[in-house]
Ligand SMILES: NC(=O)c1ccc[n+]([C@@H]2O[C@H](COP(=O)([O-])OP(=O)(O)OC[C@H]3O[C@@H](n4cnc5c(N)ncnc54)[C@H](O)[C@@H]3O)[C@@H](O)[C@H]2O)c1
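To begin, one chain is listed below as structure tokens, in the form predicted alone.
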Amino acid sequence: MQLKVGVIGLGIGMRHLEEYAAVPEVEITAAADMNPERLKAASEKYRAKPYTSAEEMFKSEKLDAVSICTPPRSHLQLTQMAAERKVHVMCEKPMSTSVNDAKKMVDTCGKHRVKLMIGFKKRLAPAYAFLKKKCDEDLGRPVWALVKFALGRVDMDWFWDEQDGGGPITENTVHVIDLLRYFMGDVKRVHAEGGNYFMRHRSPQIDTGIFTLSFKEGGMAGVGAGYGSEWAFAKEEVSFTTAKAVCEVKGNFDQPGNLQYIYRSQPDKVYTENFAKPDGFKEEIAHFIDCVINDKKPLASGEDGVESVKICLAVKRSIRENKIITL
């Protein structure tokens, strides 16, 4: 079966195109972007028909699936356009900075019976996927976690706009918030400290935060995230602890390729795994295509996306109101 696929938004969308091109079941049909240079590059490299308007692309092409890789403000409208045409949707995170809009995305895809997968690629990144399988089969559910997820400088207006990207806590930290939900379950309580410390010209948007999450099934996590580093130095470090084991995943930011774990019953033996291509894009796109072809529910569903938006907004509310937020 050959799926006709389009990509809207050719920033991170170029990575989607790269991975789609490696899937034999995919025919890259079209790409849409308002930047003529990006559009020309995508069209020439991937033989995608170029469009400066997503609406025109949907009207002109018969697509089976689409990646929506635009800033979050446009996600609802583009998802509705796709779903109404029976086009399956792979949507970059966050779904929205509005819980209501995120729910509408889920509703419209449900109404039209199309898949909605959210770009939480960390669920499929090799190190985390390996560790999740180990936890499910052997190590048990983590009850303590500590995360460093401090990104470098981003100075695009949409990223900081409260009604669009929502700043680092919503646009970027959503990745590890979803990852913690994936490993530890639903969140019941959020307590955060933070503010605008480094990007004064983006005030009052929150640029950095440190927060704790308490989970309904028991357990807790601490997260330090936001614009707390610079790209040449930015690291990703995640520690999970279960009743049976202590586990760590580390690497450069968004490249978590080094995993080690140790059993409490064998405190002198450290197990190590290293993953050469650790960012998860390849696995994410392959999983989305598999879900479309074989009618499977995506690992990172629209409902997961809604919950993560709720938690991001609770973190920011806790900072601004200086109080614990119960979900």
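Each residue number is its position in the shown sequence, starting from 1. All values reported here derive from a predicted model rather than from experimental measurement.
Not pictured, yet referred to below: the form predicted together with the named molecule.
At least one heavy atom of M156 is located within 4.5 Å of the named molecule in the predicted complex.
At the 4.5 Å threshold, heavy atoms of I12 reach the named molecule in the predicted complex. Using a 4.5 angstroms threshold between heavy atoms, P72 counts as touching the named molecule in the predicted complex.
Proximity of Q266 to the named molecule in the predicted complex falls outside the 4.5 Å heavy atom cutoff. Note on the interface: of 56 to 64, 296 to 304, 26 to 34, 42 to 50, the segment with non-hydrogen atoms within 4.5 angstroms of the named molecule in the predicted complex is 26 to 34. Contact check at 4.5 Å (heavy atoms) against the named molecule in the predicted complex: all three of I8, H175 and F281 pass. In the predicted complex, the named molecule lies within 4.5 angstroms of at least one heavy atom of each of the following residues of 75 to 93: H75, L78, E92, K93, in sequence order.
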